[in-house]
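One chain is shown next in structure tokens, namely the form predicted on its own.
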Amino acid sequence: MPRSKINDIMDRFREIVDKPYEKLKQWKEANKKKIVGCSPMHFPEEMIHAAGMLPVVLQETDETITTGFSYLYPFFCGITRNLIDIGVKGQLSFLDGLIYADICVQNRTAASILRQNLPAIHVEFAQLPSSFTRKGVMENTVKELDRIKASLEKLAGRKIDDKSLKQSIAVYNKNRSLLRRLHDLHKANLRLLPYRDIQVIVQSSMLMPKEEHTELLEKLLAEMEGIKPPSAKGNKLFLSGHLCQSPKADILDLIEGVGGIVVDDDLYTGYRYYAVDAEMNGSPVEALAKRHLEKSLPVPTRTGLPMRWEKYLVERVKACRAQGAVVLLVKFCEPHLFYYPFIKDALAEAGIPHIMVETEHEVVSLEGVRTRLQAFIEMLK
């Protein structure tokens, strides 16, 4: 099989995912352009792109947390503690701006701490509506996006006109459509790539210029679509959870190592990131507002959506014909902790077996997790 070209492209993606901030610093030095970091979820990166700057979604690293413990509570989630830690150590100093979205108390705290400790970086807090049923929610969303747009224009030193914003939306829509093709290809050919590689591809799209990522992804898909892998053997699983960061590769390898096959997901570094596009007609700011409000997939940081998260998960599991679900719950993630009892009850009522695996930033022994996953897989047979 012509794997060499696939391996070469995957190596390009892994380079930036393995050392994201080092690679971004190198990219900035080579291209002389500004970089703006975004906290995971909800903020439309297209606005940063239209301003001629590189938007990147902040990623958790494997670095041990040390200095960061002096700045926030130890019961904050791993990605928050990690980003504060590398931020106060100066590893984010290459950024020109940071945009944090209002998704939880921990995110709000992170924005405040980084603003105080990184005075050379423009830190913006985007308070997009989380309740979609209140009066005037569309107008409020557009108003907040316009405010952020003006702030980005000041940072970039140029206007973000409708033409450039529509062009950026088109760039992002194309990348999302290719990621959906990858998603569908994986579902049809489960042994084509390990699931950890799917995660790497999505993560790299959050860190690379979208045009460059799209070009590589088109080449990758062209190679993959010509391959017929061996039939998949194992128990088909739906992977849910991890609202802000990618699951650690060890966990993903462990799931497949004990006989599970991830057939579908609703992870942030998965289907939720690329599921829906923004409209190309009308006002581009309103199109981004509509994508935030009207096309949002259920998630516990938003209320008033047409379908609750637990019912959505049941439908997704049934649609992909998974034999069970693995719920990855980040330790100290309050929105997910609040919703998990509803998820547990809904899956049980639908007759869908599931296992909840709590994850954390710090390195822990996986033997206990392995034993539980093995027992869960055996139960599905």
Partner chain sequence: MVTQVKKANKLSSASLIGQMMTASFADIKRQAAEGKKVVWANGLPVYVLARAADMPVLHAEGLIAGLAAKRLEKPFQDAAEAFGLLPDTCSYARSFIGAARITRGDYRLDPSMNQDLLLMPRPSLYVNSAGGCGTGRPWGEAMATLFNVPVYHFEPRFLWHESDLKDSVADFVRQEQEFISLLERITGKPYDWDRLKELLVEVKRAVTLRNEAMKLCQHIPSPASFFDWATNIAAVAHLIGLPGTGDLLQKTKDEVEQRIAKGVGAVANEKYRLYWDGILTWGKIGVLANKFAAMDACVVAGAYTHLVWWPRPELIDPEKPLESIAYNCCDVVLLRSYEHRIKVLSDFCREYSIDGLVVSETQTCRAFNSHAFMIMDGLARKLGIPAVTIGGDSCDIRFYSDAQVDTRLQALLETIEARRKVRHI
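Model, not experiment: these values are computed from the prediction. Numbering follows the first chain given and starts at 1.
The form predicted together with the partner chain exists for this protein as well; it is not shown, and the discussion that follows is about that form.
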**Report entry** Proximity of residue 341 to the partner chain in the model of the complex, heavy atoms at 4.5 Å
**Finding:** yes
Query raised in the report: How about residue 332: is it within 4.5 Å of the partner chain in the model of the complex, going by heavy atoms?
Result: yes
Requested in this report: Look up in the model of the complex whether residue 279 has a non-hydrogen atom within 4.5 angstroms of the partner chain, and give yes or no.
Outcome: no
Query raised in the report: Counting only non-hydrogen atoms and a 4.5 angstroms cut-off, does residue 304 reach the partner chain in the model of the complex?
Result: yes
Query - Residue among 256, 250, 223, 124 with a heavy atom within 4.5 Å of the partner chain in the model of the complex - result: 124
Query raised in the report: Among 96, 153, 102, 286, which has any heavy atom within 4.5 Å of the partner chain in the model of the complex?
Result: 102
Requested in this report: Using a 4.5 Å heavy atom cut-off, indicate which stretch of 199 to 207, 265 to 273, 125 to 133, 168 to 176 touches the partner chain in the model of the complex.
Outcome: 125 to 133
Report task. Look at the candidate spot formed by 27, 31 and 53 and say whether the partner chain comes within 4.5 Å of a heavy atom in all three of them in the model of the complex. Result -> no
Query raised in the report: What residues in 60 to 98 sit within 4.5 Å of the partner chain in the model of the complex, counting heavy atoms only?
Result: 69, 70, 71, 72, 73, 75, 76
